[in-house]
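In the block that follows, a single chain appears as structure tokens, in the form predicted alone.
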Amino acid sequence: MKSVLVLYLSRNGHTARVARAIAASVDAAGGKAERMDVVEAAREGLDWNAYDVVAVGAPVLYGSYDRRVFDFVAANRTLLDARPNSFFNVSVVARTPAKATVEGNRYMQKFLQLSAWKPKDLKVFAGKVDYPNWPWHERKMIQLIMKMTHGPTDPSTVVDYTDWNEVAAYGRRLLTLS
């Protein structure tokens, strides 16, 4: 049975939900998955030898990634590269088909340019607009971005653009990485 570690960083909970769905898909397909926040992994360490495959995921916030993601993958690049690995991002920008691909998602391309780690596999997921649950300053910033990109701007809007079947397929795909 292949074991998969799904490492993630989540600011408002949606990337954590995506990580849970990936892990559930791995388990349902006959693998064994474990999830861990990258902050916890950095502070407490982990037994890299317990995992056959490692996936790392992060949300895109204001066009970038949390510095802790870059720090974690840089500090653990050799350990990540020692096994099949993947990186996924979660971004509301990926709600449009052209930006939901690795090639068409400028934030995935930005990650690849800025990261010391070069993942063997990549995946882009559309995220969630959740204005009511965001702090006012984040809500205002995202509304501005949405206005420029023709997305929803009503402050009561909650729209989950994530394709959960695609998330499940990604979990199954992790089991095929070698």
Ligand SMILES: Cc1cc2nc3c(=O)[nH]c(=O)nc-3n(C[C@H](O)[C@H](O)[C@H](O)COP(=O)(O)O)c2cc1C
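Numbering starts at 1 and runs along the sequence shown. The shown structure was predicted, so the numbers you read here are calculated from the model rather than taken from an experiment.
Same protein, other form: the form predicted together with the named molecule, not shown, and the subject of what follows.
Stretch 142-150 is the answer when you ask which of 28-36, 142-150, 111-119, 41-49 has residues with heavy atoms within 4.5 Å of the named molecule in the model of the complex. Annotation: in the model of the complex, residues Lys2, Val54 and Leu79 none come within 4.5 Å of the named molecule through any heavy atom. Interface residue remark: Glu138 is counted as part of the site for the named molecule in the model of the complex, having a heavy atom within 4.5 Å.
The named molecule in the model of the complex comes within 4.5 Å of no heavy atom belonging to Arg20. Although the partner is absent here, Gly63 is a contact residue: one of its heavy atoms lies within 4.5 angstroms of the named molecule in the model of the complex. Contact annotation for Asn85: none of its heavy atoms lies within 4.5 Å of the named molecule in the model of the complex. Although the named molecule is not shown here, in the model of the complex the stretch 93-111 places heavy atoms of Val93, Tyr107 within 4.5 Å of it, in sequence order.
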